[in-house]
Ligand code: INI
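Only one chain is shown below, in structure tokens, and it's the form predicted alone.
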Amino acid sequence: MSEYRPDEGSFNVGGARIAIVVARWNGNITENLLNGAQHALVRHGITESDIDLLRVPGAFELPLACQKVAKSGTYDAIIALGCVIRGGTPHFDYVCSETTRGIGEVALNENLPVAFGLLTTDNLEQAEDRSGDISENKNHENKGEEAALTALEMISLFRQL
């Protein structure tokens, strides 16, 4: 009989250390993403003392900060949060593409879960719809919360492998 190998993780990862790297640009949106992520982590048993917060100027700075955090060897996962809203120039495409590529590279190169909480929207309304204010206790979608749950599940899965 072969050894059991898990095919999915859970949200039960007591003692995990998590870094949240959040962009200040579009701060009204990213603060809601941050609130959603923190709420999800605490709700699933991660203590506030096991969550470190780092702020960067904008989305483009997320990959470098995540890489520095990953290389510290201190964390079980990183949650990258940011928001880029399309404007009238190609700048949006470059920032979104390079930020996405960079975050993915950090995860692969450092063998560490880096949850992708970067909103790339066409307008402010779409960003607001994806970063619902959890303090209002409404059924809002919050991609920060989803990124935190992804980080927890990946930590669990990695611990089982």
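These numbers were taken from a predicted model, which means no experiment stands behind them. One-based numbering along the sequence shown.
One more form of this protein should be noted, the form predicted together with this ligand, which is absent from this view; the next part is about it.
Partner contact region in the predicted complex: 25 to 33, out of 125 to 133, 105 to 113, 47 to 55, 25 to 33, criterion any non-hydrogen atom within 4.5 Å of this ligand.
In the predicted complex, this ligand stays beyond 4.5 Å of every heavy atom belonging to Ala77.
With a 4.5 Å cutoff on heavy atoms, Ala40 does not count as touching this ligand in the predicted complex; it lies far away. When contacts are judged by a 4.5 Å heavy atom cut-off, Val95 counts as touching this ligand in the predicted complex. Taking non-hydrogen atoms only, His91 approaches this ligand to within 4.5 angstroms in the predicted complex. Along 49 to 81, residues Pro57, Gly58, Ala59, Phe60, Glu61 each place a heavy atom within 4.5 Å of this ligand in the predicted complex.
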